[in-house]
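Below you'll find only one chain, the form predicted alone, shown as structure tokens.
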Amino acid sequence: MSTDTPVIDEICRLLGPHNPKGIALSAETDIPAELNIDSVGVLDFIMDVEDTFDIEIPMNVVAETHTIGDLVKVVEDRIKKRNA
């Protein structure tokens, strides 16, 4: 997979255990729909993302985040706020 940022690279790496079929990942990949991750799996994945990037993502933001690209934007915004 060709990626643009270290954030998307890391998110794709963290999705590895949730992608047993080896679906090609891109910014447009709909995490719950295309990877068939249930709500518990999504929460586990989000906790991994939070730990990896040392950020907190509110549940209302998680509910509005569907694609890898959406999540990259959320992570990058949270990192900027943390570092401000």
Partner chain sequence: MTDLFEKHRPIAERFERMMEMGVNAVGVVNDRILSPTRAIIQGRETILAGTNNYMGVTFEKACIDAGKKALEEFGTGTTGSRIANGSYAMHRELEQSLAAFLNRKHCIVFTTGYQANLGMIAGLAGPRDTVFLDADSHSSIYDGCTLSGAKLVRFRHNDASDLDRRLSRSEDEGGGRLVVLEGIYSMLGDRAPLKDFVELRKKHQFQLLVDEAHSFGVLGPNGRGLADEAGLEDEADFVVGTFSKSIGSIGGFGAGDHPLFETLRYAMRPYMFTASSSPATIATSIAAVKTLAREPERRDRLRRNSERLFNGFRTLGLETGCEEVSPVIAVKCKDEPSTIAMWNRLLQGGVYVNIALPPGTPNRLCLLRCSVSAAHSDAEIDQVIAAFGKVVAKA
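What you see is a predicted model; the values in this text were computed from it and never measured. Residue numbers count along the first chain shown, from 1.
Just so it is clear, the following notes concern the form predicted together with its partner chain, a form of the same protein that is not shown.
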Met59, heavy atom within 4.5 angstroms of its partner chain in the model of the complex: yes
Distance check, Glu28 to its partner chain in the model of the complex, heavy atom within 4.5 Å: no
is_contact(Ala33, its partner chain) in the model of the complex, heavy atom dist at most 4.5 Å: no
Heavy atom of Lys80 within 4.5 Å of its partner chain in the model of the complex: no
Residues of 17 to 33 having any heavy atom within 4.5 Å of its partner chain in the model of the complex, listed in sequence order: none
